[in-house]
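To begin, one chain is listed below as structure tokens, in the form predicted alone.
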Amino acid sequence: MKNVDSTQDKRRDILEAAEKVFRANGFTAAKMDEIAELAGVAKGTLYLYFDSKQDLFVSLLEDRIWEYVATLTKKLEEVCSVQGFVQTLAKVRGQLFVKNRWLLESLSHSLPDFSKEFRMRIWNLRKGLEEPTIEALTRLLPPDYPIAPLQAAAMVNGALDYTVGTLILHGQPVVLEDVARALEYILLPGLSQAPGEDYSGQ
């Protein structure tokens, strides 16, 4: 048990060091030597845990994203209204975006020279990010709601991510409570509209 704990501790130390280096330098410029030094291990030790820099990078993505998915899933399970859903999603997913901008940028773009295996792992992360939202909307929207939960989740997540990203790009402060209010104002009329009502806007 002690050896297992020691292995997990070492892996965690490497991931934390890698996050700092990737955040500061980006994937291409990041050096395994620098990660090893920051983690307090020999460079060869990195390869006992990760096959390559790509493997280390994608493993870090997986570690951070699955942790977020578990947190969001738990919080959304406690939500009983569409309004509460929007507020919770904005705060939790928005916080992930703000704190880990480089991670989400990595999920949004194809990384150079990544093998099909690693691209598939990143693709699975993208899908995993959507699941808590899909599950929540499946539960909260009426069965005859005219938009499928998968599509509704894509629209809500897209609006949230783009709003936070735009604020960051324009150097504006990101106040997640304000983002939640803006999303409520724009999205709640549609999410709360009863099935069978006129959706044509006429």
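Between two forms, the rigid core is defined as the largest C-alpha subset superposing within 1.5 Å. The model shown is predicted, which means the values in this text are computed figures rather than measured ones. From 1 onward, residues are counted along the sequence shown.
Beyond what is shown, the protein has a form predicted together with the DNA; the following relates to that form.
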item	value
The DNA: the contacting residue among L150, V175, L48, I168 in the predicted complex [heavy atom, 4.5 Å]	L48
Joint contact, A30, K43 and K53 to the DNA in the predicted complex, by non-hydrogen atom at 4.5 Å	yes
Per-stretch contact check against the DNA in the predicted complex, the hit in 60-68, 130-138, 33-41, 152-160 (non-hydrogen atom, 4.5 angstroms)	33-41
Rigid core superposition, G26 Cα moves 2 angstroms or more between the shown form and the other one	yes
